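Next up is one chain by itself, shown in structure tokens, the form predicted alone.
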């Protein structure tokens, strides 16, 4: 049976040199690593992975994020991606063709308050992240609900091999997409199922480092389904 271990680590703790995780939160001390913030060292089959429990979302090229349209310019929108860095989506990218300000009305394409699913096309910390919605399953979110969680909780909400998020989906009948920037898109068959799914997600957000969390979350869902008759 594969050996598994999870433990809390704090800045100053020594981690094995092969430890992987978000580079901005791992300090290489030449022969060993140390976390820059509090997190979990997850050990499975001899592989060490650092999962931060603090820290803001820092965009990386290729990340798929859920963004909120907060304002618009002449040829682009400004997008809140739950990060210290505000992102940009160009009208040309959204349309998939050159933008014509004489015939194209930005406010009819996307409005302030709309959510989008997009991919980080470029980012180098010297200018705003550039987004694209050109790709499968990307674009304006037209159904369901989007909730915010701390970005560091996303790996725990997803679980190993998507075990946690798949369990919530199967038990509630909801479709869930957890974006790396701490936003989750939820599409449910009814309001009660949506409320239960959100309760489960918030429990994980509060208790990410605790043992036996999957079983407790499943029990919470089962109890709420009985109470609500769903």
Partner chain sequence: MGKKGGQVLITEEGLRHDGRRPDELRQVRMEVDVLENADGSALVEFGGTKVLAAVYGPREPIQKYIVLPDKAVLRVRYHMAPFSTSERKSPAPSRREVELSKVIREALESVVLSDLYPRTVIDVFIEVLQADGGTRTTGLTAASLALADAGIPLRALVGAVAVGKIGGTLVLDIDEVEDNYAEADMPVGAAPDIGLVTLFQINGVMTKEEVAKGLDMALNAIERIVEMEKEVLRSKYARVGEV
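Small disclaimer: the values here were computed from a predicted structure and weren't measured. Residue numbers count along the first chain shown, from 1.
This next part talks about the form predicted together with the partner chain, which is not shown.
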Would the partner chain be touched by all three of 63, 156 and 166 in the predicted complex, meaning a heavy atom each within 4.5 Å?
-> no
Should residue 113 be counted as a contact of the partner chain in the predicted complex, where contact means heavy atoms within 4.5 Å?
-> no
Contact test in the predicted complex: residue 190 vs the partner chain, heavy atoms, 4.5 Å | no
Is residue 97 close to the partner chain in the predicted complex, meaning a heavy atom pair under 4.5 Å apart or at it?
-> no
May I ask you to check whether residue 67 falls inside a 4.5 Å heavy atom distance of the partner chain in the predicted complex?
-> no
Determine which one of 158-166, 172-180, 193-201, 32-40 lies within 4.5 Å of the partner chain in the predicted complex, judging by heavy atom distances; exactly one does.
-> 32-40
Pick from 84, 101, 135, 73: which residue has any heavy atom within 4.5 angstroms of the partner chain in the predicted complex?
-> 84
Pull the contact list for 39-55: residues with a heavy atom within 4.5 Å of the partner chain in the predicted complex, in sequence order.
-> 53, 54, 55
